[in-house]
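What follows is a single chain, given as structure tokens, in the form predicted on its own.
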Amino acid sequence: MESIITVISEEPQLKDAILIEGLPGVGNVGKLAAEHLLDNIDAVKFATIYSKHFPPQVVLDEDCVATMVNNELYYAKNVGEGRDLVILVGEYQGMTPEGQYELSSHIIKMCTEMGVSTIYTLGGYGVGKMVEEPRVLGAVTTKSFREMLEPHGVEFTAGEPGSGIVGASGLLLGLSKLNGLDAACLMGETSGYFVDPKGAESVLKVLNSIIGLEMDMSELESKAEQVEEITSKIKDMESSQDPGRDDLGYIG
């Protein structure tokens, strides 16, 4: 098998398009945000990416039909303030550093040849505690791009994240800079303990402001309330067992 196989079902004609990456990561923040975006725009799947760098397994649908692990690309025309969008989603990232580099390089090459000029990667910033009002932290390829994003609520704080940005969200950002593309990573604060719809909602609100899009957030809000109910019960149980402990540090 080749390292990467891309099956293209349609070749969209795009102009000055934006690539939005939302693959699994800390709190699945980016994945949730990108999937919610897909559910609220008229997007069309045009490519499926298979790779030996993904886990060696298949996934089963509700009819027990197997499908190879993959990433998918969708496009939407004239979204928000008029930009075309390309959205990258999937259940897995590359398993090795080599695989991450090959996949990220492949995606950038493929998308720039289609007309992508700007990239936003979406992810979570794990802070190890519950967050009531998640901030959205940013990292960019140029200072001028930072100045464009700050009015939309993106916070740029020295030393955050202190350990850098790993995985596709970081590599797509770094490789964009090498290729002369405007790019930013938008990171929603999250505990990192579980799937975090609230962090995803904060990222999506910022992204919507940037691209000039309005959408219903009620589904994410409902999921966030369910998570809060569960974590509240866990905290109550933990407090009853150990009254001197008031955090959720044991979950990690």
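This structure is a prediction, so every number in the text was calculated from the model and none was measured. Note that residue numbering begins at 1 and tracks the sequence as displayed.
Keep in mind that the form predicted together with a further copy of the same chain is not shown, yet the notes after this line are about it.
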Original post:
Taking the partner as it appears in the predicted bound form, which of 83-91, 123-131, 173-181, 110-118 has residues with heavy atoms within 4.5 Å of a further copy of the same chain?
Top reply: 173-181
Original post:
Which of 149, 140, 136, 76 has a heavy atom within 4.5 Å of a further copy of the same chain in the predicted bound form?
Top reply: 140
Original post:
Do residue 56 and a further copy of the same chain come within 4.5 Å of each other in the predicted bound form, heavy atoms counted?
Top reply: yes
Subject >> residue 191, heavy atom within 4.5 angstroms of a further copy of the same chain in the predicted bound form >> reply: no
Subject >> Touches a further copy of the same chain in the predicted bound form: residue 222 (any heavy atom, 4.5 Å) >> reply: no
Original post:
Would residue 215 count as touching a further copy of the same chain in the predicted bound form under a 4.5 Å heavy atom rule?
Top reply: no
**OP:** Between 45-73 and a further copy of the same chain in the predicted bound form, list the residues on our side with a heavy atom within 4.5 Å.
**Re:** 50, 51, 52, 54, 55, 56, 57, 58, 59, 60, 62, 63, 64, 65, 66, 67, 68
